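One chain comes next, on its own, written out as structure tokens in the form predicted on its own.
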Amino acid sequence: MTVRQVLADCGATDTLAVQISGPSGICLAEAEFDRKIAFEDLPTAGAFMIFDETRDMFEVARNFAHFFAHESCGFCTPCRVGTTLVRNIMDKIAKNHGSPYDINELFKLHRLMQGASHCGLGNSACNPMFDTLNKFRPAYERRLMSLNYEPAFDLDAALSQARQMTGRDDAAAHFDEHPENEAEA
């Protein structure tokens, strides 16, 4: 059965997004509603949240960020620190103090937590933020201080001396200089 059929069967109207499989699952935009609820496509784990056009998808993701920061057991550093950083960045953006730099930091945290967290919570904690950023980006951008902000401090340049001292100058020793490609990750 497709997501669109479930929405029709339950009488949902003006649906903006559907969150499948709980906060750690996948957030679907309207263009994806023809996907099938099935183990091979969209396993639901029994959870199916419907958000209509009155909901702000940034606030939905922010709420999930608070949930994951609270639920982290604290065992591994990537999750313990990462979920807190994600929550803090989302709160900063909510207060209209965010910048494109913060958006890029969210993508970096997503990659880090997926690869380094000990359990599934840390591996999936950024999924709502990642999906909503990629599918509902204007909900984030309208809260940013400026779309053209650049930080005054360049961490990658500051680490150049350390790279020289260690003899390590490979791509992994640098921060991504083209963050606009992060959304494709």
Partner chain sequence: MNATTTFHLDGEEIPFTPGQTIIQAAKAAGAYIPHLCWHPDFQANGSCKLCTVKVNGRFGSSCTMEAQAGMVVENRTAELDDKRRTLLQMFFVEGNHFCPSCEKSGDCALQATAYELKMMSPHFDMFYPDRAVDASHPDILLDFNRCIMCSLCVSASRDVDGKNVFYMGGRGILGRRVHINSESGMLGDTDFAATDRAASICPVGVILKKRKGFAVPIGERTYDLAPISAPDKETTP
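Positions refer to the first chain, counted from 1. No experiment lies behind these values; they were computed from the predicted model shown.
From this point on, the text means the form predicted in complex with the partner chain, which you will not see here.
Colleague: Is it true that P100, F130 and P138 each have at least one non-hydrogen atom within 4.5 Å of the partner chain in the predicted complex?
Modeller: Checked in the predicted complex: no contact with the partner chain for any of the three.
Colleague: Given the stretches 138-146, 56-64, 29-37, 112-120, which is the single one in contact with the partner chain in the predicted complex, using a heavy atom cutoff of 4.5 Å?
Modeller: Answer to the contact question: 112-120.
Colleague: Although the partner isn't part of this model, could you tell me whether C76 comes within 4.5 Å of the partner chain in the predicted complex, counting any heavy atom of the residue?
Modeller: Within the cut-off, so yes.
Colleague: E71: heavy atom within 4.5 Å of the partner chain in the predicted complex?
Modeller: Within the cut-off, so yes.
Colleague: Is there a heavy atom of A94 no more than 4.5 Å from a heavy atom of the partner chain in the predicted complex?
Modeller: Looking in the predicted complex, residue contacts with the partner chain do not include A94, since no heavy atom lies within 4.5 Å.
Colleague: If we check the partner chain in the predicted complex, which of the residues in 41-63 reach within 4.5 angstroms of it by a non-hydrogen atom?
Modeller: Residues within 4.5 Å: none in this stretch.
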